[in-house]
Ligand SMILES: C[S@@+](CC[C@H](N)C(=O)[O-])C[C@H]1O[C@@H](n2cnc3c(N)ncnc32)[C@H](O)[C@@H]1O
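Before any questions on binding or motion, here is one chain by itself as structure tokens, the form predicted alone.
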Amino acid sequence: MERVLEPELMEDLEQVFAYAKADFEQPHKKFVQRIKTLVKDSSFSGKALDLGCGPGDISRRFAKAFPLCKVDAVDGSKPMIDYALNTISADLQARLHFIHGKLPDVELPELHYDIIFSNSLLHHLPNPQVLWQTIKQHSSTGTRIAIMDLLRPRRLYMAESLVAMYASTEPKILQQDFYNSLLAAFTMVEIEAQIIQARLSLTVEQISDRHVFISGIAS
């Protein structure tokens, strides 16, 4: 099945609220756990960059998991950033900085980060190298990299089955967004080719029936 592009940004308020209120507890919890395994140090106090942070759920989870770190979280959707800013707790405000800006043009506070992570951004990008080149630009030797995204099913009916399995109780607009995202996602082979093109040394592994996890340490 060929890739079908979806809008790069989620800016419709109904979309934003549906996404922010959706039940992503299990995939988001597992993603942060994988980041913990990659970092291997609960006292990590470096600078983190979250690319495509959306309403900020994973940004907040990461900041709570590593209470000594500072996080810059970026998203191209102004409504997403507004939601994140309006829901941030007072105890995180000094360490968690939400930034409105679209890759690759956004201006970031730091040249290099100690960890760069991203969830569900890759499939939104018409050109996937925007993500990989941003990671290269803002990493240095030892930077940890952790990316999670959807995988494109081989057939349309498989995408429909995944929506029915994981989003049947969600609002119709979220079900449609999930379906569109599955069709816009990349395959394992495509992602591996992107990483080779970007000259990054990362491990690509399928971690569920719909998720891929890409990780490594910059050299």
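Just count from 1 along the sequence shown to find any residue number. The model shown is predicted, which means the values in this text are computed figures rather than measured ones.
The same protein has a further form, the form predicted together with the named molecule, not shown here; the description that follows concerns it.
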- Taking Gly142, Ala198 and Ile214 together, does each of them reach the named molecule in the predicted bound form with some heavy atom inside 4.5 Å? no
If we test each of Val71, Leu103, Ile115, Ile135 for a heavy atom within 4.5 Å of the named molecule in the predicted bound form, the one that passes is Leu103
Item to complete: Mark Met10 yes when one of its heavy atoms lies within 4.5 Å of a heavy atom of the named molecule in the predicted bound form, and no otherwise.
Response: yes
Find out whether any non-hydrogen atom of Leu49 is located within 4.5 angstroms of the named molecule in the predicted bound form, and reply yes or no. no
Going by a heavy atom distance of 4.5 Å, is Leu125 a contact of the named molecule in the predicted bound form?
-> yes
Check: Given that the partner is absent here, does Ala185 sit within 4.5 Å of the named molecule in the predicted bound form, heavy atoms only?
Finding: no
Answer among 186-194, 157-165, 63-71, 49-57 for heavy atoms within 4.5 Å of the named molecule in the predicted bound form: the stretch 49-57
Across 18-39, the residues having a non-hydrogen atom within 4.5 Å of the named molecule in the predicted bound form turn out to be Tyr19, His28
